[in-house]
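Heads up, the chain below is alone and in the form predicted on its own; it's given as structure tokens.
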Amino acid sequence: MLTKADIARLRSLREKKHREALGLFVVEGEKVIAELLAENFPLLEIYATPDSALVGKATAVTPAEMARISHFPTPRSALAVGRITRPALESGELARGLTLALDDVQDPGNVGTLLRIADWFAFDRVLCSPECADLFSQKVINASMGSFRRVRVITPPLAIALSEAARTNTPVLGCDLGGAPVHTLAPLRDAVIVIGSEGRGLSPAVRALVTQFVTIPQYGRAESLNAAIAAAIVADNIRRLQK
């Protein structure tokens, strides 16, 4: 049985300020928690209702208790708590392999999907500027479909990080409607691909560090593409050229 203090603590993790203060985040859903356990991901606490397959591996809670601690309007049958870790960008790291950089992408669904794309195309890392949606929010974790635990995600001031790329002459590709068609790219083994925010595009400080702007040729009349869709198309072209 959960105490009032337990419930208050778990509920508080809905907000970023409390996640940061406690250094903890929540994962909900039997499937993703089972995957984390299978991969020996360090979970500090696991709670499950009697109908969950995780009974025996978790602290039993009633459906009413799960409803109180869940971060969703419709509670899942299992909830777990993990510890927040934030790796630092190593010197010269951006010169090795492919990096997806998110410049103030604030929609949690987009951030989670972009993590899945980086995972799908085996990018070496993702950079998230501090103004991006919080990696450890439930919406981001759910949209990532488990990729949040497989992708190395770093949250530095983005302009400072991209200055490191410039120092090592690493190409920085900025997705922009005024860029060159992505199909004309030369093969790249090491590069940073930058996706801007949904409404504003690339910020001025980041734009100044882009070495080449690229776009996806438009054949219809749509105003723009979703940030995650655009990233997937660019990533696919880069990987295709490497073969």
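Keep in mind that this is a model prediction, so the values were computed, not measured. Counting begins at 1, following the sequence as shown.
Below, we turn to the form predicted together with another copy of the chain, even though it does not appear here.
- Stretch 145-153 is the contacting one of 163-171, 145-153, 72-80, 132-140, since its residues have non-hydrogen atoms within 4.5 Å of another copy of the chain in the model of the complex.
- Only one of P50, G56, P217, P42 comes within 4.5 Å of another copy of the chain in the model of the complex through a heavy atom, and that residue is P217.
- Each of T113, H183 and D236 is positioned with at least one heavy atom within 4.5 Å of another copy of the chain in the model of the complex.
- In the model of the complex, another copy of the chain lies within 4.5 Å of some heavy atom of N226.
- When another copy of the chain is considered in the model of the complex, D190 lies well away from it, no heavy atom lying within 4.5 Å.
- The closest heavy atom approach of R240 to another copy of the chain in the model of the complex falls within 4.5 Å.
- Another copy of the chain is not shown here, and in the model of the complex it never comes within 4.5 Å of any heavy atom of L127.
- For the stretch 111-130, the set of residues having any non-hydrogen atom within 4.5 angstroms of another copy of the chain in the model of the complex comprises T113, R116, I117, D119, W120, F121, A122, in sequence order.
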